[in-house]
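Before any questions on binding or motion, here is one chain by itself as structure tokens, the form predicted on its own.
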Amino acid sequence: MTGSSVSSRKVLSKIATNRLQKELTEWQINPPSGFTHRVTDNLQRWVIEVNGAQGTIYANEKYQLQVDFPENYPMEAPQVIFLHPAPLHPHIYSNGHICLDILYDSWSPAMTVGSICISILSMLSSSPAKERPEDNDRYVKNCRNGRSPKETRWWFHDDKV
């Protein structure tokens, strides 16, 4: 198992708990357009429904994001993946891993779950074609046994979609 698997996850710090409770309260009052948080009693894992934006190739489609928060959130980015079936997109692998710089190298503690969702919806909305990344099969094969996308060295070279 990897360090990010459910069974080995550490308890959230007080700072992380307070921050997530604040974000959850704000979400309940004013959720980002196109997203629905599925309420559970687990503050450390959120499941969020994504509705494809009207006027895009993903219009009227629904997907689910799973957001797992590390113990030291927001100092460390959450792990964000699409649950099966993941949308066909040049930056989304069939195992749900997302190649998006803000989830890794460009993370900032000022970001929120809402800002992550908006960035993902923007990424989806800007895609002109539904297709998998060129290296999908190789990448997914290398991720067997539950490897976290946070363990990947991403190469952010395409900012068109």
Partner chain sequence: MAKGVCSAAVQAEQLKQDGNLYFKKNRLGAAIDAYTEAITLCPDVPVYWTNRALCHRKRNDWTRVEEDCRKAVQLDHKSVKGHYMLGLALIERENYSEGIKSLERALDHGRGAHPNSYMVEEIWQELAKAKYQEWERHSTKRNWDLHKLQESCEMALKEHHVDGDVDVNEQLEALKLVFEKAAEADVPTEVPDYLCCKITLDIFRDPVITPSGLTYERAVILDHLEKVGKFDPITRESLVQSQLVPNMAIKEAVGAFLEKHGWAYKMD
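Here the structure is a predicted model, which means the values were calculated and not measured. Positions refer to the first chain, counted from 1.
Missing here is the form predicted together with its partner chain; even so, the following discussion is about that form.
- With the partner left out here, its partner chain still marks one of 56 to 64, 126 to 134, 91 to 99, 25 to 33 in the model of the complex; by a 4.5 Å heavy atom cut-off that stretch is 25 to 33.
- For the chain shown alone, A110 is a contact residue for its partner chain in the model of the complex, at least one non-hydrogen atom being within 4.5 angstroms.
- Though the partner is left out of this view, P74 does reach within 4.5 Å of its partner chain in the model of the complex, counting heavy atoms only.
- In the model of the complex, its partner chain lies farther than 4.5 Å from every heavy atom of N142.
- Contact check for R138: no non-hydrogen atom falls within 4.5 Å of its partner chain in the model of the complex.
- Every residue of the trio K14, N18 and S106 has some heavy atom no more than 4.5 Å from its partner chain in the model of the complex.
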